[in-house]
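Just the one chain here, the form predicted alone, laid out as structure tokens.
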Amino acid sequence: MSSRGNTPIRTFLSAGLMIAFLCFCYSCQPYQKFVPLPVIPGATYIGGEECTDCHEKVADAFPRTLHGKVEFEKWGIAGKGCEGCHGPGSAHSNEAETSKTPKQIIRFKEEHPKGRMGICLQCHRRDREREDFRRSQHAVSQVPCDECHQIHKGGVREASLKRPAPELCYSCHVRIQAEFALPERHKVPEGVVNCPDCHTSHSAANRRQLRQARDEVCFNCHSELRGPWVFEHLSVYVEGCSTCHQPHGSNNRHLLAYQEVASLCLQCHPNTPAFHNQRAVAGNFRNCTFCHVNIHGSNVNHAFFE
């Protein structure tokens, strides 16, 4: 049977192996067991109205937030209000009568990051994305929810973010910010696209927390490169776009990982034909895509000629 006839079989087997591999890797992702909340001895629930006596500023702003408008009955914490997150407040309230800094309450900034995430996931685990947060890179790195989200006052957009993306993301991802300053880049600084267009902060479906598996997130904009192709460029098919491209920024106008095309191609194709004179400083042989124009895949030529 010809190599062309074997292509569907090879494609099917490769896809099956890839799916099995991804499922295996996903199952091995560390599942964060959050720290149990502290138990406040003898404390009982007294209702959120008691909190307004001392926390006037918070009480004034909180009703205008999403948390302030939510139907607490839906989440099983009816009548608790502030205590739904901070724990029963009777001991804290009694201590406030004799101390300027009463402590008998759950204070987020003093809790372990895993404990703070656990508080939020009491309610925010009703969909797969946020339930999956336990395996995400943010959870593994112990970045709690309140590092990005406002709780007591309104923030940016419906998610109550402390700052808009990408400025919020740059506070941790400084290297990525530097890549967006390179001459060629996805137009994130210009506001054409934004980090949440490609990434999700909560899901752990893949290591880079992309919204879609593999290269599907790239094909949302670059649909002409999706294929399928009769002759596939296997590095693209197996390893994906980031094998050759730097998605955030590059010195190459096609966002390639190397400035010179030949330097990139020779990483996988070191044994070029003798007539490909790589020693020449200038010439077409230093630009592989001058001849191999359909480098992502072709329906007519196995060498990706036009």
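Here the structure is a predicted model, which is why all the values come from computation and not from measurement. Each form is matched to the other, and the largest set of C-alpha atoms that superpose within 1.5 Å is called the rigid core. The first residue of the sequence shown is number 1, and the count goes up from there.
Separately, the form predicted in complex with a small molecule exists; it is not shown, and the next lines address it.
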query: R279 within 4.5 Å of the small molecule in the predicted bound form, heavy atoms; finding: no
query: In the predicted bound form, C265 touching the small molecule (heavy atom, 4.5 Å); finding: yes
query: Partner contact for S298 in the predicted bound form: the small molecule, 4.5 angstroms, heavy atom; finding: no
query: In the predicted bound form, P41 touching the small molecule (heavy atom, 4.5 Å); finding: no
query: Rigid core superposed: I46 CA moves 2 Å or more between this form and the one not shown; finding: no
query: L266: Cα shift of 2 Å or greater between this form and the one not shown (core-aligned); finding: yes
query: Threshold 2 Å Cα movement between this form and the one not shown at W229, rigid core reference; finding: yes
